[in-house]
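Below you will find one chain, with nothing else, as structure tokens; this is the form predicted alone, and questions on how it binds or moves follow later.
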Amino acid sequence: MNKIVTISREFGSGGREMGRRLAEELSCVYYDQEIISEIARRTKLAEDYVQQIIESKPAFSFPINIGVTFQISSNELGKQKAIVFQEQCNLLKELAEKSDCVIVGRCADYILSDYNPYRIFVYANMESKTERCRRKGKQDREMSEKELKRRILEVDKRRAEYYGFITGQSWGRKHNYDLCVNTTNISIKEVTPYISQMLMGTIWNNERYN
């Protein structure tokens, strides 16, 4: 079985950077925005629209059972959302079966539960998240402190709702993860090698993947 690391993260916590650096340290494939692009290609929907669906709680209400075909009303929007969610599940499983990899977001920790992924949750306090957002993006640098905090809270709220809908679990709850990393006032570049060493020494080479 391939070795899978999933990264769930609060907005602005540096989880995406950590995932990319971990993949480099572990010499495996990194998946993030590529997932959205591939879903858009397969469904023939715009990437922005696919991103919007994946980052919001679905308008329809029925349990999603991985591997089970969706049955919903004739509402076109509902159909498109169901197609995107089903394609996301199919794609994540294909990636997990293809090679060792690090996957950021997309409820991969839950969808790939049969593949026994090592599940990481990355979080930070609000001050650290706003500072990191301002360093990374022009749009965030132009926002007032109040506007940026509101944006962070809104994104995290959508992620929590989406995760809860898909999994029936609480996003960010420590019991759902193997490792929770507080990136408040620390360098992602400096801390990632230690996490990589831990994975290679205690996870990569044990019975978890035998």
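Note that residue numbering follows the sequence shown and begins at 1. Predicted, not measured: the structure shown is a model, and the values here were computed from it.
Keep in mind that the form predicted in complex with another copy of the chain is not shown, yet the notes after this line are about it.
S.K.: Please name which of the stretches 177-185, 25-33, 145-153, 45-53 has residues with heavy atoms lying within 4.5 Å of another copy of the chain in the predicted complex.
M.R.: The contacting stretch here is 177-185.
S.K.: Using the partner position in the predicted complex, report whether Lys93 sits within 4.5 Å of another copy of the chain, counting heavy atoms only.
M.R.: The answer is no: Lys93 has no heavy atom within 4.5 Å of another copy of the chain.
S.K.: Is it the case that Arg119, even though its partner is missing from this view, gets within 4.5 Å of another copy of the chain in the predicted complex, heavy atoms only?
M.R.: Contact with another copy of the chain, yes.
S.K.: Is Tyr123 close enough to touch another copy of the chain in the predicted complex, meaning at least one heavy atom pair within 4.5 Å?
M.R.: Result yes; Tyr123 sits at the interface with another copy of the chain in the predicted complex.
S.K.: Thinking of Ser37, Glu161 and Gln169 as the candidate spot, does another copy of the chain come within 4.5 Å of a heavy atom on all of them in the predicted complex?
M.R.: Not a single listed residue reaches another copy of the chain in the predicted complex, so no.
S.K.: May I ask you to list the residues of 13-43 that have any heavy atom within 4.5 angstroms of another copy of the chain in the predicted complex, in sequence order?
M.R.: Heavy-atom contacts within 4.5 Å come from no residue here.
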